[in-house]
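Take a look at this one chain, the form predicted alone, written out in structure tokens.
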Amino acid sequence: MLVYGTMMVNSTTGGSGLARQLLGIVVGIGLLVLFWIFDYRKIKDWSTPLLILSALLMLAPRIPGLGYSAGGAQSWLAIAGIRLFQPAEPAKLVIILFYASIVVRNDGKIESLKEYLKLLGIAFIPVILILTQPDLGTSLVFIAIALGILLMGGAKARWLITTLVLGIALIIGMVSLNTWLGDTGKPVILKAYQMNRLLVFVDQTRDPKGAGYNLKQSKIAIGSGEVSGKGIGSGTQGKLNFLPARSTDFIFSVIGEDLGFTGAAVLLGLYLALLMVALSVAVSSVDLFGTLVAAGIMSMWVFQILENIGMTVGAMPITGIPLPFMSYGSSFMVTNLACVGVLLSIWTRRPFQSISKGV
């Protein structure tokens, strides 16, 4: 998957992004090895200090001189105008570790609605921090992580379904309220680009030269690839710059155009294998903390894959979420590889746990 992703990033950036992407892979593999060697059970004791550090880092881009804006969000930490990394990316792993430790402290039992709501409320703390940037897409990833851990932690399915239904109702209510406030000339809740993305999702023929341009070009790119594609770097939508954000948010559209249905199917097969491995680690771990951490990592990947690919074909709203191991972005790559290291740590130590318990 790393080879596949590097090849596509090199093609979509014309080689200009290759060095930074390779740097992210090297640093990420280094962290992968460190997390693999380190006993994941000891990380549980560090989850709260890591959360505090992570929260401070997420607020840092709001400090004048330390922030860098990209894609409508001031989410990059920068010094002297040089982008360093996105604090929200490593925060995903920190939240997984912290949230899993909280559920473990609750004895892994979520037997009442009161306990469920309390744990769900804790999950919204980092979401609010991310929304201040504002970065709606990343905040949704945090919610997906929390729901995955809660599900594996014993929360009833009907509570989770009710939460999702209320979340959708909240979004519909915000859009309606936003429209009304806009008509009356009062300050609105959603930014114009966020509102347009939701409206284009509902009506995909809306404003094809403006707000609906990205989705239209993405569909053309994927459809024109047919079965075998046009060849790497030969897709006209990507090569002639019709397709925006082709190395990041819309890299799946480039894969569909350059490598066709075959290339897209291979990628989906790789993702399925990755998720099955994560699920295997979660189910087979004899340690509750390990189970919940693996569930959180798997939930993060599932949401990001479904949302990214879904938005390129119009099945999901466009939110600016990159595709794991494929999109250009060193911070994103480092975090994903670190998550692989944590999964390996859980899996590797499983036999020792079994021996100590006499299994």
Partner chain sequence: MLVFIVLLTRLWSMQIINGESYKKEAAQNSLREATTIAPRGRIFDCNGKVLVGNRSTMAVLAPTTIVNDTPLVLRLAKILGMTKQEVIDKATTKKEAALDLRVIAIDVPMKTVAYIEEHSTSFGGVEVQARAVRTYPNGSVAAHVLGYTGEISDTQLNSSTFKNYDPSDIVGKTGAESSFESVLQGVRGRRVLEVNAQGKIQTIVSETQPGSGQDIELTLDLKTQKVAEASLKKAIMRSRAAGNKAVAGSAVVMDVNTGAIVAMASYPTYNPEEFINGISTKTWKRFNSKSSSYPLTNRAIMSVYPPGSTFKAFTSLTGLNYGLINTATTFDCVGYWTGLGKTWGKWCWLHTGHGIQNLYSALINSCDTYFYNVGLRDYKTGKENQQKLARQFGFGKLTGIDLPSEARGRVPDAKWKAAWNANYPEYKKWLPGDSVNLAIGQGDLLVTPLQLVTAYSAIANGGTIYQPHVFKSALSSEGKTVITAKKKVTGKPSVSNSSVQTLQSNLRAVISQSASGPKLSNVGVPVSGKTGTAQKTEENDYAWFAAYAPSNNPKYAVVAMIEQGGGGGTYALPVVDDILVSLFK
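Residue numbers count along the first chain shown, from 1. Being a predicted model, the structure only gives us computed values, none of them experimental.
Although not depicted, the form predicted together with its partner chain is the subject of the following passage.
State yes only if every one of Ile25, Lys92 and Phe98 has a non-hydrogen atom within 4.5 Å of its partner chain in the model of the complex; otherwise state no.
No: none of Ile25, Lys92 and Phe98 comes within 4.5 Å of its partner chain in the model of the complex.
Segment assignment from 285-293, 146-154, 255-263, 98-106: heavy atom within 4.5 Å of its partner chain in the model of the complex
After filtering at 4.5 Å, what remains is 255-263.
Would Ala169 count as a contact of its partner chain in the model of the complex, using a 4.5 angstroms cut-off between non-hydrogen atoms?
Result no; Ala169 lies far from its partner chain in the model of the complex.
Would you check, heavy atoms only and a 4.5 Å threshold, whether Gly231 touches its partner chain in the model of the complex?
Contact with its partner chain, no.
Can you tell me if Asn241 lies within 4.5 angstroms of its partner chain in the model of the complex, counting non-hydrogen atoms only?
Yes, Asn241 sits close enough to its partner chain in the model of the complex that at least one of its heavy atoms falls within 4.5 Å.
Quick one: is Ala278 in contact with its partner chain in the model of the complex, heavy atoms, 4.5 Å cut-off?
Close contact is absent here: in the model of the complex, Ala278 is far from its partner chain, nothing within 4.5 Å, heavy atoms only.
Heavy atom within 4.5 Å of its partner chain in the model of the complex: which of Met174, Ile122, Leu160, Leu272 fits that? Just give me the one.
In short, Leu272.
Judged by heavy atom distances of 4.5 Å or less, which residues of 307-324 approach its partner chain in the model of the complex?
In sequence order, Ile309, Gly310, Val313, Gly314 come within 4.5 Å of the partner.
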